[in-house]
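Just one chain follows, in the form predicted on its own, and it is written as structure tokens.
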């Protein structure tokens, strides 16, 4: 069982990284081999719209042809059993690095002639972890359910079923007195103490489920 994991946060020890670490631990404890990549330590771009992956003279499946730090990682996707992506939410969406990864990862497998059929040769599960500042009661009001649902649907179309794990109302600052914020440090700490360990446990369970290599039930 081989899993590729991606940290889409520039903070290597922040909320997203912590959630991802728990998911990876859950997978490894069940015997999975996990290789993790910190996207903000890599040099790569999103899709450059060259359409090389859509040429009729190319044998499929094809991996994105852009040569940068991401290309050898995308080559590894051919032989893995599951994908795990963790990202913070910036301006209501995935981080820029995560969006770039998803473009490069998914677009070559998008079948332009038949959107219902992926060029990826098999079905594998995908785990998607989001960490965000907003409380859960604003999730739908802010349209996050639609935005994240679109990303989930994209990953499901090209690879297989996708399961999301969310961490809401996360702590952003060590000292809230130094920064703009819509909550006090005390309130944020109280929420974190009450909820973040459960969020991490949910992430660990996600990793365990990915280690089975089976697509999630609808």
Ligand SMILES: Cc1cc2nc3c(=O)[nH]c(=O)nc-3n(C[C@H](O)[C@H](O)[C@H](O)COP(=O)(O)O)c2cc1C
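As the structure is a computational prediction, the values presented were derived from the model and not from experiment. Residue numbers count along the first chain shown, from 1.
The following text describes the form predicted in complex with this ligand, which does not appear among the structures shown.
A heavy atom within 4.5 Å of this ligand in the predicted bound form is found for one listed residue only; from 73, 83, 102, 132, this is 132.
Using a 4.5 angstroms limit between non-hydrogen atoms, residue 88 touches this ligand in the predicted bound form. Contact annotation for residue 30: none of its heavy atoms lies within 4.5 Å of this ligand in the predicted bound form. Taking the partner from the other structure, this ligand in the predicted bound form has a heavy atom within 4.5 Å of a heavy atom of residue 144.
None of the heavy atoms of residue 151 is located within 4.5 Å of this ligand in the predicted bound form. Heavy atoms within 4.5 Å of this ligand in the predicted bound form map, among the stretches 120-128, 102-110, 133-141, 75-83, onto 133-141 alone. Counting a residue when any of its non-hydrogen atoms is within 4.5 Å of this ligand in the predicted bound form, the hits in 153-172 run 170, 172.
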